[in-house]
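Given next are two forms of a protein chain, the same chain in both, each as C-alpha cells and marked structure 1 or structure 2.
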Structure 1
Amino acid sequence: MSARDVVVTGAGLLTSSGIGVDAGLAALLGETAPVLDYDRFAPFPVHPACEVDFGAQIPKKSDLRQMEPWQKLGVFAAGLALDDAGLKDDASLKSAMSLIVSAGGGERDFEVDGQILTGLREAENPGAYLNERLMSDVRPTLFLAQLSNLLAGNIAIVHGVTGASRTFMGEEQAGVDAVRVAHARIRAGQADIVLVGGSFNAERPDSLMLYEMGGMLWKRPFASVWDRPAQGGGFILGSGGAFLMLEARESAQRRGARFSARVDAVAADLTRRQPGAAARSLESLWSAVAPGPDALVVSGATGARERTFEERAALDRLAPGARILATQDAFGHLMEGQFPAGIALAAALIARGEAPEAVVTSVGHQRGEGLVRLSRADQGAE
C-alpha cells in the first residue's frame, strides 16, 4: 500500500483571542495579550470565548436553540475550516467527507441541578424526589446537547458533512488520536479528506469542578505555563473550537486547493503514569516523528505540575535552542481541542515562512502523549 501525502487545506479557530487563525497566532506570538476573566468563576480564572455571532456559521435559529455552547463553538470552528478550505458550498464533496471529532460532554442545566440538590436535603424519599424533579424539570432536548457524538451530529446537520463520522473521547488524547487516525486513513487511501477537530467550553462550573477535584486548576494571576510547575502547577481552561481540513495532496491538487503545510507524521502513546514516564514517552515519539534541527515547537503543555516539568525538560534536551511557543499561554486549555488548535497555528507559522518545520506536542494533564511533525507544503512527496 503506497502512502500518500497529507496536507492541511483548511483551518478554523475560535478562542478567547478572537475568531480565525490570525487572531490565535497574534496571541501565540505575544502580539496580543491573553484575555482572562477572573471574576465569573473566582478563584478560577478562565479564558472566555470571544464575542461571536454564531448565526454567521449556524444560520438556523432552530439549530442554535438545540445546541449548548460547547457545540456552538465546535460547529462554528468547523464552519470556518470548511470556508477556509473552499468547501462550504460543495455539497457533494461534503456528503462524502469524513469527520473525526474529539469531544467531551455537554453542559448540564445548572439551575435545575442546584434546585434538586437543595430539595434533596429535605426530601423524605430522596430517590422518588430525584425522579420526580428530573422528570418534570429537565428539558427533553438537553440530552442531545450533552451527548458526546452530538457535536459531530450537529456538524452533519448544519454543514452537511455526512461521510464517515466518529467521535473520540478522552480529554487531550482524544484530539491527538483524532488527528492521528485521520492522517493514517488518508495516507492509506481509506479516506481522501477528513474534517477533524474539537471544542471546549471553559465557562461552565461542572467542568471546573471536575478538574478542581483533580487539583488541576491554576488559581493565581496569569503566569506562563512554563513558570507554573514551580508554583504548584495548573491550567486555566479556555473556551474555543479548532478544526482542520486534512486532505490527500492529490485530492487537494485535483480541486486546485491551496494548502498551508504538510502533515508528515503523527505519533502517540499512553504510558503508565510514573515519574519520568512522560519525558521518556516524548523522547520516543520525538524519534518516531524525527524532526530536523530547525523545527519550531508549538507546545500544548497544560501546566499540570509533573508532566509539564517533564515536557519542558525533554524538549530542552531534544531540541536545544528551539523556539517553543505554548498555546496555553495564548488562550488557555481547550482540552479536546488543544491539539488541533496547535496544529492550525503551526501550519500557519510554516505557511508564513517562520519555520520550515514544526512539531506540535500534547502531554495530557492526566495521561497520553502525542506529537505531530508538519513541514512546508511545497516540498515534494516523501
Structure 2
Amino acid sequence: MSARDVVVTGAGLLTSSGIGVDAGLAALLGETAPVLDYDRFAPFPVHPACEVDFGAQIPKKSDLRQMEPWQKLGVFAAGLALDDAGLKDDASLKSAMSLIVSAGGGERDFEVDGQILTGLREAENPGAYLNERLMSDVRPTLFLAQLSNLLAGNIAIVHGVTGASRTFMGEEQAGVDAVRVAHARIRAGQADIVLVGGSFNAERPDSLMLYEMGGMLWKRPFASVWDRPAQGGGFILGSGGAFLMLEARESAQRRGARFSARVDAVAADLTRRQPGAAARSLESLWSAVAPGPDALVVSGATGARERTFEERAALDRLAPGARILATQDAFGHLMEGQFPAGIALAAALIARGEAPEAVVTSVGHQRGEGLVRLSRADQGAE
C-alpha cells in the first residue's frame, strides 16, 4: 500500500489571545497585542487563558467539577477541533477515531501539600508520617499529581472519542512525537482520522517555581522572543490548548470535508545539549522535511538563550529572507501544546493564501527538536 496523503480537516485553539484559530492568527500576525498578567505571579509574567465558558464544550457540570484547568483547556480545544472538522455529532466516526494527547503530569493539591509539609517538621517519625498522610490525604486515583492520561480520558468521556488512545509526556517533545506518530499511522493506513494535541496551564505556582529553578523564565517587560537571548533569555509561559484533526485525504473526501493544508513530513531529533547541537539538529531536520524556497516559518522558539540564538541563526542560513513568525510572541509558551498550536496556525495561513508552504519548528527549552512541513492541498483527487 502506498503512503497516503495526510490533511488537516480541523483545528481547535484556545490561548490568551482568544478562542479559535482566527484569534491566534491575529496575535501571531501582530494584529492584536499579546495579553499578559504581570501581577498575580510577580516577578513572572504569564499569558493567562482567555475568558471562556467551558460549558460550551463541556456541558455536564459533574464533568467540569472533576477537571483541573489543564484538562478543561484541552477538552475545550479538542471540542473546537471536532466542531471545525464537522465531526462533533458523528458518533460512528468518533468511535473509530484515534486520540493522541501530549500532556504533563497534571496539577497538585496545594492545600494537602502545605498541610503535609507543616506536619512533617514536627513528626516524631517523618518517614512513617509522610507515608500515612500520602495514603490517607491524597486521592488514591491521582496519587501525587493528576495523571497525564486523564486528559485523554476526559476527551473520550465528554466528546465520545473512543478509538485507540495514547498519551505522550515530555514537555515540547511530547507535542512533536504526538503529531509525528499520528501522521505516520495515517500515512501507513493504520488509522484514517486522528485527533491529536495538548494543553498546558501556566497559571500554577509550582510550574513557575520549577522553571525558575532552571533559570528559564523571563522576568522583564514583554520583549520579542528573538530579542530576549541578548538580555539573558527566558520564556513566558502561556495557558492554552491546541488540537488538530489529521485525516487521510480519501477519508476527508469520502465524507465531503474540506481541508486547510497537507502535512507532508514530520521529523524529530533528540540531541545532546552541547554548543551548536540545536543548530546542527535543525539543519538535519530541514533536509529531512525538504521545504521549498517560498516556505513560511512558524517558530516555536522558547526564548531560552542558547537554543534561541542557535535556532534563529540556523533559520537565517537555511531560509534566507523567509517570513518568520513566533508563537511565543503571540501567546507565550504552551509547552506540550506549542507544536500542535504552531501547526494549526501554519495550516490556516496556507489556507488563507499567505504562503504555498510552511515549516513549523520546535526546539525544546532543554531537549528535543522537531520540524513539520505543510503545503497547499488541492481539494480534488490526489
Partner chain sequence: MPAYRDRQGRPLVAVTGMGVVTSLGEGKEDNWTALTAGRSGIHTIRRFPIDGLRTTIAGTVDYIDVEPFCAPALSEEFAARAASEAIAQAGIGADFPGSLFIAVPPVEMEWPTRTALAQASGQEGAITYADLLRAAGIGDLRSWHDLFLFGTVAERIQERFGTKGSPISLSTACSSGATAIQLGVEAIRRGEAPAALCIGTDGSVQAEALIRFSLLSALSTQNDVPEKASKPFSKNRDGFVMGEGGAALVLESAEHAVARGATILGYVLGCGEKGDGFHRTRSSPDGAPIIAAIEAAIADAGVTPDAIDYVNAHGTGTPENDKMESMGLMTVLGERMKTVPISSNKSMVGHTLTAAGAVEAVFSLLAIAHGRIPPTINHEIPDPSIPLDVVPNVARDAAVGVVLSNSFGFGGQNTCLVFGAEPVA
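We call the rigid core whatever largest set of C-alpha positions still superposes within 1.5 Å between the two forms. For residue numbers, the reference is structure 1: its sequence is counted from 1. Please read all numbers here as calculations on a predicted model, not as lab measurements.
Undergrad: Of these two copies of the chain, point out the form predicted in complex with its partner chain.
TA: The chain shown first - structure 1 - is the form that fits the description.
Undergrad: Does the distance between the two CA positions of E212 reach 2 Å or more between structure 1 and structure 2, the core being superposed?
TA: The answer is no, as the C-alpha of E212 shifts between structure 1 and structure 2 by less than 2 Å after core alignment.
Undergrad: So, does A290 move by 2 Å or more at the CA between structure 1 and structure 2, with the core held fixed?
TA: No.
Undergrad: With both forms fit on the core, has S224 moved 2 Å or more by CA between structure 1 and structure 2?
TA: Result for S224: no, shift under 2 Å.
Undergrad: By how many angstrom does P126 shift at its CA between structure 1 and structure 2 when the core is held fixed?
TA: It moves 3.5 Å at the C-alpha.
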